[in-house]
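The chain below stands alone and is given in structure tokens; this is the form predicted on its own.
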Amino acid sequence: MSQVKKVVLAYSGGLDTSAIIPWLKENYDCEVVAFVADVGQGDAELEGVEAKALASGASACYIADLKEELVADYIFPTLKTGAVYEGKYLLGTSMARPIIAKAQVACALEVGADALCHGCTGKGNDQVRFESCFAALAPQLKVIAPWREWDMRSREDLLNYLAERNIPCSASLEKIYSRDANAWHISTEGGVLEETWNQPNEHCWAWTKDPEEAPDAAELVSVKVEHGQIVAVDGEAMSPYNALVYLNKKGIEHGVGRIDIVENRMVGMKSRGCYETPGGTIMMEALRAVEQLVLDKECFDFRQTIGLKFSHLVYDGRWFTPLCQSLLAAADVIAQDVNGEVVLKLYKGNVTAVQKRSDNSLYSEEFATFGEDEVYDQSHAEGFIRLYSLASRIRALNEQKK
């Protein structure tokens, strides 16, 4: 342990990382630099975080504003792929991990550290995500994971550890729920959610209004899409981050973006969580609506394949890999013609695309009409069907011969 001289810790200001700072100093006899990533988790979580880190024994605390980069370079590319993990999860926590890890590594190299540290538990996904990114970006740096080394196992252990060292901490003994937030979403786990027969209560939802208490009047939101990216909302051009903030406010008010999911973790166990992704849910619906107009059957099918593969890649922490770049490149090509405008109705937890148009639309009213038309000869379908079903016809004839 004495071989480590300086370590950069991914620091949040919570109980775990507050205890990690003195633990590192005692067990590794090293200097500890706290690194805080501002990914849009909110001012409340960031307030006084530098003072907390220094009071816990850190030699310095660096705060990196990553909000714009997170949305523009990680969330928007993922949206192009259509990635949704296990049919429901919009990858809120997963997408934030690579940018945090990348910035943490940059901080470590800048201050001359020889080790990286995180506060992830040995049961969760984040330990794999962080350490996979560390391996891809700075394999020469040692990685320290205290939860896999120390003998503390409870909040009481951590609180006692800090109290014995006279290190101030505002955390209490009882922490009913575990939450993770960024600009894209907030997750809630633990408490009543650990029993799958329990319905979520009002404390399981931190952002969004209960759909039953949402406004009785629906609200319409207009979204403009260019090359598979949202560039304007309600007629105003916006940066990716500002568009998300704007749509978050709309979605929160109407109870949009709630899911209650039991998902498969990478380590083999299942976990249950309540996730809220209000603006993201609106964005996803808008992009998929334009795709319906623009992409042909085979192209749409391939985009879905990319989305499925990419959802597992992001969830599993493989952002800094050749496969990631390959999938993103494919999604970029498919998205080149995904231009258009969508009007979405927000109403009591639901998002519905009620109007959509695109100059690149493959939909033709002349071809699709149920009325009389002059552009499609229905008798031509007979030859198509005969060739389309030829293999089935031959197989059936063989069976009859037998």
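Just so it is clear, the model here is predicted, and its values are computed rather than measured. All residue numbers refer to positions in the sequence shown, first residue = 1.
Absent from the display: the form predicted in complex with another copy of the chain. The rest refers to it.
Legend entry - Heavy atom within 4.5 Å of another copy of the chain in the predicted bound form - the one residue of 326, 160, 242, 178 that qualifies: Among 326, 160, 242, 178, a heavy atom within 4.5 Å of another copy of the chain in the predicted bound form occurs only for 326.
Inset, instruction - Could you tell me which one of 164, 110, 236, 195 places a heavy atom within 4.5 Å of another copy of the chain in the predicted bound form? - result: Among 164, 110, 236, 195, a heavy atom within 4.5 Å of another copy of the chain in the predicted bound form occurs only for 195.
Legend entry - Contact test in the predicted bound form: residue 87 vs another copy of the chain, heavy atoms, 4.5 Å: Heavy-atom contact with another copy of the chain at 4.5 Å: present for residue 87.
Inset, instruction - Consider residue 269 of the chain shown here, and say whether it contacts another copy of the chain in the predicted bound form, taking contact as heavy atoms within 4.5 Å. - result: Flag for residue 269 set to yes.
Legend entry - Residue contact check: residue 74 to another copy of the chain in the predicted bound form, 4.5 Å heavy atom: So residue 74 does not count as contacting another copy of the chain.
Inset, instruction - Classify residue 365 as contacting or not contacting another copy of the chain in the predicted bound form by the rule of any non-hydrogen atom within 4.5 angstroms, answering yes or no. - result: Output for residue 365 is yes: heavy atoms within 4.5 Å of another copy of the chain.
Legend entry - Segment that reaches another copy of the chain in the predicted bound form - one of 289 to 297, 228 to 236, 275 to 283, 178 to 186, heavy atoms within 4.5 Å: Of the stretches listed, the one contacting the partner is 289 to 297.
Legend entry - Residues within stretch 197 to 228 having a non-hydrogen atom within 4.5 Å of another copy of the chain in the predicted bound form: Stretch hits, in order: 197, 198, 199, 200, 211, 212, 218, 220.
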